[in-house]
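The data below hold one chain only, encoded as structure tokens and taken in the form predicted alone.
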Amino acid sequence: MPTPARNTLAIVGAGPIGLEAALAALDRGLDAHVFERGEVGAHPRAWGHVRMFTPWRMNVGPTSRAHLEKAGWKSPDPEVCPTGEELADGYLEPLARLSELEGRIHAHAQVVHLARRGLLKGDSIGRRDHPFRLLVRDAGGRESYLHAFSAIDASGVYGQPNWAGDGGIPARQELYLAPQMSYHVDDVVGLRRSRHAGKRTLVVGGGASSATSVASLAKLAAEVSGTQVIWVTRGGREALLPENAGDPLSERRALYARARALASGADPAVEHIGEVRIEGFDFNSATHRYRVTLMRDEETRVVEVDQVLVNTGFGPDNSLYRELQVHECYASRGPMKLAAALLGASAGDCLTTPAFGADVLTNPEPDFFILGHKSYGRNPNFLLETGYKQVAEVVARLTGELATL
């Protein structure tokens, strides 16, 4: 099998970070190709009805903007917060159509595994001399091997939702019932309206996703009588989405305020149950209802609902690079050096989390980088503009190292 050129770069994921990386790499002489397991923009479209907290000016990469404007693209209002659908339609789709990326974005091409050709995970000598080996599966299930001398994983975390059960593992029967429950932010007042209107829905989780779901269900309850929400969280009500009066992200500030009010009883259609864990699910196929067992200390409570929304966050899929030498954080499952830097910075909010240079983004595996939300592991404080800074640092590092070979 022929050895690829030294300037070859494989990028996993055709989201905002992956496409920014491809354009930045091409500008600096790298032969970049992007592999996307679905369509470009599939993840933003999956939460397309949800409005982002950040405005357009924070969501467009500098390299991508330069290429788009050269092609005649008109930037949306920089102060408006786009929805996921608007981000995909107004930004990612035009990016994918750029002539510079023609033939370089491979949709429906899932990278199943990454390794080093001729090496095992434990082989430590001369890894940079062996190209990365990608097992790629197309939409028809056919598999092939591709090779490149550098690789970026920008596949994100949205495809790997966390489980509902205590300790982060599935509750009883959750694995069995997961295909019929929802693990994302449903469009409950639009596309999924019929699933929730006039019914009782359980929402699990205490972050922004669950707050979005609960606020949307409360809106639906005002329109359709009989709609009810049970919102269960691991923490207590007083710790739920704490107020930040000076929050400059107005969409987030408004959502959190609404969610706190709902948890405090502002709407009789919403019941909040805090400081509980999910023990198990049962589904009655005759009534098409779930019986959910909640535990607080040693006290058991069973609630009966029509639908279940598990909004407990997302985590990285590390099976992709299990044969590479990646040092992972034991807590967040992100790359260890970055995870330690985030902890050391005491970063508690996406707006105050600093961007770190290429030295912090490196792994023991040479020329392999995890960028974007996946680099933060299960830490939710990631911004797209942080990912764009990561791209600039890493592409500069890759081209600088290439020049020294």
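Note that residue numbering begins at 1 and tracks the sequence as displayed. The structure presented is a predicted model; accordingly, all values stated were derived computationally and were not measured.
Separately, the form predicted in complex with a small molecule exists; it is not shown, and the next lines address it.
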Hey, in the predicted complex, does Pro364 get a heavy atom within 4.5 angstroms of the small molecule? no
Can you check whether Phe368 is within 4.5 Å of the small molecule in the predicted complex, heavy atom basis? no
My question is simply whether Gly377 lines the interface with the small molecule in the predicted complex - judged by any non-hydrogen atom within 4.5 Å. no
Applying a 4.5 Å heavy atom distance criterion, does Tyr158 contact the small molecule in the predicted complex? yes
What is the one choice in Ala358, Ala42, Ala341, Leu68 with a heavy atom within 4.5 Å of the small molecule in the predicted complex? Ala42
The single option of Ile17, Ala24, Ala10, Val394 touching the small molecule in the predicted complex, heavy atom within 4.5 Å: Ile17
Tell me which of 304 to 312, 329 to 337, 148 to 156, 260 to 268 has residues with heavy atoms within 4.5 angstroms of the small molecule in the predicted complex? 148 to 156
